[in-house]
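A single chain comes next, written as structure tokens; it is the form predicted on its own.
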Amino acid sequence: MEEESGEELGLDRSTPKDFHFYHMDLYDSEDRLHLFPEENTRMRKVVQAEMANESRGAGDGKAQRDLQEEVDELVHLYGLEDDHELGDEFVDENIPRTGVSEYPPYMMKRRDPAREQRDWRLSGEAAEAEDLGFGGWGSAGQCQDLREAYRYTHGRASEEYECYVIPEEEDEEEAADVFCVTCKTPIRAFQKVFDEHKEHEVIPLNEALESAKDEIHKNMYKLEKQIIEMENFANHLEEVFITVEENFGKQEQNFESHYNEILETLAQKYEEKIQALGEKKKEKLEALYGQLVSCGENLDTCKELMETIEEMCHEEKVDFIKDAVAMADRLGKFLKTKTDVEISAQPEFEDQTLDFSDVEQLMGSINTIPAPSAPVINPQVPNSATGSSIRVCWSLYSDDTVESYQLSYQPVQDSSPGKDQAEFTVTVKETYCSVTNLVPNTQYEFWVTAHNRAGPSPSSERAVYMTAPSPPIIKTEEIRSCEEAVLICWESGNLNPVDSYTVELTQAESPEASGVTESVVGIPTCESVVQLQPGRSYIIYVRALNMGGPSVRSEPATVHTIGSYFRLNKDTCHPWLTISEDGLTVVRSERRTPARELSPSDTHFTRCVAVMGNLIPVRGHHYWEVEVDEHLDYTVGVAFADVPKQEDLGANCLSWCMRHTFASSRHKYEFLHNRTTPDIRITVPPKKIGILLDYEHSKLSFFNVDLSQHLYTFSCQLHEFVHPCFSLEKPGCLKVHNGISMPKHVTFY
């Protein structure tokens, strides 16, 4: 590198090995930095003189002093006295000095590509550079250039000279765009064709990225699951640890209590035995002492009598005889006295047998755990049961040691006498138990006992729990709806009453959304009117609730809020009429069946061969259509629920009807209310009649559907809800079309 640089610069002589040249063409001619002024000829002479100086002897010191003087003069000339660092750093003190004075070079060398700085080296070849055209000096006005150049060499380049920082150009590799499945590494596309990945399986990088993310997510899910399992296991271990610690603490307290009781018993027995021995000792000593005193007294009396008799033997005869008689009496009395010569208390100790049976019993009870106390069963927590299971919980005193629990239960007995309920038992180790295989919506009474080696505890108090109800059964044939609401009816599905019901609705347009969009809670009866959005389809479920919790969902039912939907009410149907299975067609056959005798209070029509429909009791607009035969005698309209069933429709103030009769090829139309009708003639017999019931404006309108023709409108006083009514005076049929949108021409009336 050094030789090539020297040749390119046109140098005739060899350059030192530690000196590096760089092309000045790295910089534009206009941007080249002129470090020193051209008019400073004295500096050029100094440089020439220093290069001509070949010796390295005593002249080194003088050259150094001259260099320092020249530097000081140069600093003073350009006003660099404030840059305190320049004077000290202009000459590098760490570089070995040669016979030639060293100056800052006029070209820069990049020493380290990682660092964006340049070291300015001092070289003895500076004079040769002048001959090559690089020794020109700038004008005095370029003092700032010199200052900036110096600052640049010391890492303080100004913004004006940032162009001298030549960043190292790094070869940017082309980004990988495919993924090698075999090697499991990203590669570039051409490597698949020309490289060792030619026979490998590759996929797009985005696909590999998504696959890797999915794999990571799966692993994260597994890790989360494992973390949860480990946390649960750790919690269980902690509970076991606490239980073991508590049990051993109880055992220590039990041992200490028993040993203290044994010591107290032994001390009590010791005191009792010592006291008994003392009393026995005292008794024997007192008996022996009394016997000893009596023996001494007898001995003294004998000695006295002996002495008296001896004295009598030395007396005169007359005195002797006198005293002998008295002495004989005295001796007779004394000798008659029985002297006890047997020891009353033997010196041998009696065998003192110690009874330690109670101590032995206490010793044996050290390892015996007392029977636990009766557990306390908790009352039922709401929503703690299903239709076939109940979760029962109880608690126990903390000082008791329990090995297992026995939970007993049976259904609550009803009022039927002589009916015994079977009992069931479950043994568990926890203070809770989930009992399964139960009957829905049924009360059970539970009680529990605790067991250990000492035996069972007393039974707890009995608590009554209840299973959740069975799911209700929706009566799909009785569902009625309109654009704003739906009336749902269902059967309880439970023998015992429930607390309430909940209706859950989900929009049928989004079956993937399994969440409930709306819930109506606290319904006390088996039917409910639910407000809905018009023009939608809903899937409806019903739940029953009691203390145990909610039942599972009922079977779903689908309702639509497109127009009004109702069915014909079979309870009001005249015996001569037949209603189809779908509840939308009424037929009067040719053969008449005998009319049944019905009481006036019955809901069936008796005189008028008619039937009523079950319209939802919601105010607003209701529209339906009736398909008729031109040659058929019929009556259609609305009536109150309590309309007289023994009168014709329209013959009272409780019904508003359109009546058609056909005779002699002539059509007659009447709009009847309270036996009155307006004079209206219809030229085109309708084949499909549209009926609009408007509660808001208390109006009832009739239309010819095929012609979009308005026929007539009643102004009604609708103080209650009315129902559609249909009558057939001759054999034929009427077909009801409902659950349809209201035509545009109807909205104008």
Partner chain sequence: HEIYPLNKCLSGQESVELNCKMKFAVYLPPKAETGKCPALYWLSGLTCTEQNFISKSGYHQSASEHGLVVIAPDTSPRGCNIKGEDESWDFGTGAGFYVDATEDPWKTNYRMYSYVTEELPQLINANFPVDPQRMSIFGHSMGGHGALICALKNPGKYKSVSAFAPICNPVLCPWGKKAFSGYLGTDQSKWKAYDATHLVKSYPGSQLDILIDQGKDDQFLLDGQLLPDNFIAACTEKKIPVVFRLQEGYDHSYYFIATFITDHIRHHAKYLNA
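A quick note: this is a predicted structure, and the numbers were derived from the prediction, not measured. Positions refer to the first chain, counted from 1.
Quick note: we don't show the form predicted together with its partner chain, though the next part is all about it.
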Among 314-322, 673-681, 276-284, 246-254, which stretch has residues with heavy atoms no more than 4.5 Å from its partner chain in the predicted complex?
673-681
I'd like to check something about S708: if you look in the predicted complex, is any of its heavy atoms closer than or equal to 4.5 Å to a heavy atom of its partner chain?
yes
Partner proximity in the predicted complex: K699 to its partner chain, non-hydrogen atom cutoff 4.5 Å:
yes
